[in-house]
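One chain comes next, on its own, written out as structure tokens in the form predicted on its own.
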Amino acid sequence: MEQVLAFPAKWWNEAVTVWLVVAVVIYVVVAVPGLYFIMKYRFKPGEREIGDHEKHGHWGLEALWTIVPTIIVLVLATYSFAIFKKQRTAPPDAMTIKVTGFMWGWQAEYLDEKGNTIKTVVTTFNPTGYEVPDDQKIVVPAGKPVKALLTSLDVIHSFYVMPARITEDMVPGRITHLWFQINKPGEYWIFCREFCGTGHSHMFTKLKVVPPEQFTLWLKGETNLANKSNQIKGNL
């Protein structure tokens, strides 16, 4: 079975496919007969120049092209709302981080069950390149849902988790939220998607996704994660 890289990206991809298929089918159903009638009933000198005036509609066709589109709209609206609700509601077992945006960096605070900060990571502004020091990367465990509480210190930013295809505005004085889950360990981009000043194009960081046991060690302050992880695997 193919492993899903990230949520809610999986649902967005499915929704785009559904909407695209429906849109193409509707386009074909409307455009093909339209082109046919344009050609068939185009103006021809000496032929049906006045047109038919004794016909005034067809109740069956009127009902058909009213009921069918209504059903399609209701189905798409229900389906889309279900997708929206899933991407807005974090799973109950999600871990929580608080991310604060500022011109032009990020601060990620890892919270315990009581909301106390147990670790903080700050990504500073890098105006000359796109490298992120390892100790400034936001680390999360693979396969674990993460709920991010978002705010800003200055202007409006937007927290965009690229592999999860999700973004949310960070507003000064307010707490917004999103959640995501990355299943494959690796490093992924995080960008600001709201223009926030001259340094906006360099407001980024890296999301470092590691196996859960490595994340536990990192959260405790262990630095040599690779060796510690190998020790854990060797003891299993």
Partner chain sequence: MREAISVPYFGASLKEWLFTTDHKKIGILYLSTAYIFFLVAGFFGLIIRFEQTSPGIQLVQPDFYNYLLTGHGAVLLLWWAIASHIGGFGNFLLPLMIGAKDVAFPRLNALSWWAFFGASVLVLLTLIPGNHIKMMWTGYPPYSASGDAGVTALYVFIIHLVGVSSIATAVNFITTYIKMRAPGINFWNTNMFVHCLIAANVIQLVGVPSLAGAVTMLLLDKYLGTNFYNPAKGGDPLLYQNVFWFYSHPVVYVQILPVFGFFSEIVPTFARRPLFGYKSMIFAVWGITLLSFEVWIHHMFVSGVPDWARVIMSYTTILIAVPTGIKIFNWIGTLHGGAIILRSPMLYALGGIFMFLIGGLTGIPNAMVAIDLGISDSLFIVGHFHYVLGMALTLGLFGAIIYWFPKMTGKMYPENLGKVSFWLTFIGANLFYFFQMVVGMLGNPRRYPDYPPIPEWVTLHNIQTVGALILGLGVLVFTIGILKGLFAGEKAPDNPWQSQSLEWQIPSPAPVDNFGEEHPKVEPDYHPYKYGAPPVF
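Numbering follows the first chain given and starts at 1. Superpose the two forms; the largest set of C-alphas matching within 1.5 Å is the rigid core. Note that the coordinates shown come from a computational prediction; the quantities given were computed from them, not determined experimentally.
What comes next is about the form predicted together with the partner chain, which does not appear here.
Asks: Which one of these stretches, 133-141, 158-166, 111-119, 94-102, sits within 4.5 Å of the partner chain in the model of the complex when only heavy atoms are counted?
Replies: After filtering at 4.5 Å, what remains is 158-166.
Asks: With the partner chain left out of view, which of Leu207, Cys196, Val210, Ile182 would have a heavy atom within 4.5 Å of it in the model of the complex?
Replies: Exactly one residue meets the criterion: Cys196.
Asks: Answer for Gly186 alone: is it within 4.5 Å of the partner chain in the model of the complex, judged on heavy atom distances?
Replies: Looking in the model of the complex, residue contacts with the partner chain do not include Gly186, since no heavy atom lies within 4.5 Å.
Asks: Within 4.5 Å, heavy atoms only: does Gln87 come near the partner chain in the model of the complex?
Replies: Within the cut-off, so yes.
Asks: Using a 4.5 angstroms cut-off on non-hydrogen atoms, would Ser80 count as touching the partner chain in the model of the complex?
Replies: Yes - in the model of the complex, heavy atoms of Ser80 and the partner chain come within 4.5 Å of each other.
Asks: Taking heavy atoms only, is Leu219 within 4.5 angstroms of the partner chain in the model of the complex?
Replies: Leu219: no contact with the partner chain in the model of the complex.
Asks: Once the core is aligned, please say if the CA of Glu187 is shifted by at least 2 angstroms between the shown form and the other one.
Replies: No, its C-alpha moves less than 2 Å.
Asks: Could you tell me whether the Cα atom of Thr70 shifts by at least 2 Å between the shown form and the other one after core superposition?
Replies: Yes: Thr70 shifts by at least 2 Å between the shown form and the other one.
Asks: If I superpose the two forms on their rigid core, does the C-alpha of Pro33 end up displaced by 2 Å or more between the shown form and the other one?
Replies: Yes: Pro33 shifts by at least 2 Å between the shown form and the other one.
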